[in-house]
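Only one chain is shown below, in structure tokens, and it's the form predicted alone.
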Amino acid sequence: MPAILNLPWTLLADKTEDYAWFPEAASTFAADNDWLYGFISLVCIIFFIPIAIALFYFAVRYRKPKGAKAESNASHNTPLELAWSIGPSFFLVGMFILGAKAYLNHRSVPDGARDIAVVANSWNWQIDYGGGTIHPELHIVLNEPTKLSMRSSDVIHSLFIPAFRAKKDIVPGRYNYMWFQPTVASQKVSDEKLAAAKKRMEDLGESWDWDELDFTPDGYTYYDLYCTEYCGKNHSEMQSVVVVHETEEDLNAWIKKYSQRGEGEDADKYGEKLYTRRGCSGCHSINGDKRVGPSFKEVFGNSRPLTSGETVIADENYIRESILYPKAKVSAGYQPVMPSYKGQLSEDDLYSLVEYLKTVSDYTPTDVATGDQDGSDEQTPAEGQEATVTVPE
């Protein structure tokens, strides 16, 4: 790489990183892509400046008074015309070759790359680490080629990691893929700093403030991950993070932590984690606000009018069915856009989510059995159905 082409952009990126000239370069793609971008920009500047100067010079030099008769003074200079026609073509061919090599590199996944499944929903990410562990954060290993096998459950999405200079559309009805190799590991904040941040968020009664804290609830610094294809109302909230672990052991320890409910952990507390982790918060509030789906504050134990004209009591079985078969009984006033979580949640996960909904819903325990207290005729669970969820062993 010629030093004269590389120097200005390296220095400028270092000096203007806080001004988002370029995000941090954290993958093997970043250096090549940034250099190519700088080269093309330099060529454009080299041609633009003399063209702009000539434009203004000719406009002044050959300006005629208003009403003056135009003169015919056409001339022909073959060497000059060949120079400005053929000369730039060398730059264009060079740009094409460099761009083609970069594109083919992005599409050629090396052998032995780690394969991670990604499902894009409106409006959340589901990263599948195998063994039933699904999380919205992407966790990978330093210097290890990683392939993302991606699909969409609804509309077109696009996964973009600026620090990796990697982006790919995700189209419903087909699989698409992308790969990258991270070169900069995420840092772990001190236990004291992490504990202080968690306490502050708990005291304020707020969810984790990603922008202010700049590290995950597990204490890792991160790289941003966005959806860059407009996919509906909450497109701007379809964000996640990438954490690069220094070792395979560290990644496996993180996966194990999220593989199931911890020993002795209350089901409702684990359900709260699933509410955030599985993207429920993007469509269902817990404070009564109307979003794409009904608020969880108004769900459990209360009567639910359906688009079919029926009314049901939102008991444990209704919640379970709505998670696994969301289009079976759609709440009135809402569209059937929720994806199915069948095969993605264990029975313990479903139980934990139900228990969490009980803690945030406005209801009394007798509502499920008796319906409204005003004597209205509400439907009860169908005959033969249990009105409870069995706690998994």
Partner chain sequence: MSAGSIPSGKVRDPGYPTKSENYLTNSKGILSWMFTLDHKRIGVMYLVGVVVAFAVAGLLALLIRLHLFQPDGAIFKGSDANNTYNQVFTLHGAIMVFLFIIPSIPAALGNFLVPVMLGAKDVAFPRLNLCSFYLWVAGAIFFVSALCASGLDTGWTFYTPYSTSSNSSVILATSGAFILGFSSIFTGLNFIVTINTMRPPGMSWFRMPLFLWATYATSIIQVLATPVLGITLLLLIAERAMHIGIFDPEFNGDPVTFQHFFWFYSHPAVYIMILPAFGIISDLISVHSHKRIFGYRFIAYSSIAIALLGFLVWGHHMFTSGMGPLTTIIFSALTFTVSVPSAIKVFNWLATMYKGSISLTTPMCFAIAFIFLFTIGGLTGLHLGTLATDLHLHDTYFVVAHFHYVMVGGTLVAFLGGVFHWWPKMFGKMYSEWGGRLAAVIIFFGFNLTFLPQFVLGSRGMPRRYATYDPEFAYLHQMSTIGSLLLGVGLLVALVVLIHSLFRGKRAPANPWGGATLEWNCTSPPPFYNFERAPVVGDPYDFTTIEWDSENERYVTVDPEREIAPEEKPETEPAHAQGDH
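Between two forms, the rigid core is the largest collection of C-alphas that superpose within 1.5 Å. Residue numbers count along the first chain shown, from 1. In this text, all values refer to a predicted model and were calculated from it rather than measured experimentally.
There is also a form predicted together with the partner chain; it is not shown, and the following applies to it.
Taking the partner as it appears in the predicted bound form, which of 268-276, 295-303, 95-103, 245-253 has residues with heavy atoms within 4.5 Å of the partner chain? Contact criterion met by 95-103 only.
Going by heavy atom distances of 4.5 angstroms or less, which of 311, 307, 228, 259 would be at the interface with the partner chain in the predicted bound form? After the contact test, the surviving option is 228.
State yes or no: in the predicted bound form, is some non-hydrogen atom of residue 135 no more than 4.5 angstroms from a non-hydrogen atom of the partner chain? No, no contact at 4.5 Å.
Heavy atoms within 4.5 Å of the partner chain in the predicted bound form: does residue 332 have any? No, residue 332 stays farther than 4.5 Å from the partner chain in the predicted bound form.
Quick check on residue 204: any heavy atom within 4.5 Å of the partner chain in the predicted bound form? Answer no; every heavy atom of residue 204 is more than 4.5 Å from the partner chain in the predicted bound form.
Please determine whether residue 144 contacts the partner chain in the predicted bound form, using a 4.5 Å cut-off between heavy atoms. Result no; residue 144 lies far from the partner chain in the predicted bound form.
Judged by heavy atom distances of 4.5 Å or less, which residues of 213-250 approach the partner chain in the predicted bound form? Going through 213-250 in order - heavy atoms within 4.5 Å of the partner chain in the predicted bound form - the hits are 224, 226, 227, 228, 229, 230, 231, 232, 233, 234, 235, 236, 237, 238, 239.
Could you check, with the core superposed, whether the Cα atom of residue 46 shifts 2 Å or more between the shown form and the other one? For residue 46, whose C-alpha is compared between the shown form and the other one after core superposition, the shift is less than 2 Å.
When you overlay the rigid core, is the Cα of residue 78 off by 2 Å or more between the shown form and the other one? Comparing forms between the shown form and the other one, the residue 78 CA shifts at least 2 Å.
With both forms fit on the core, has residue 61 moved 2 Å or more by CA between the shown form and the other one? After core superposition, the displacement of the residue 61 C-alpha between the shown form and the other one reaches the 2 Å mark, so yes.
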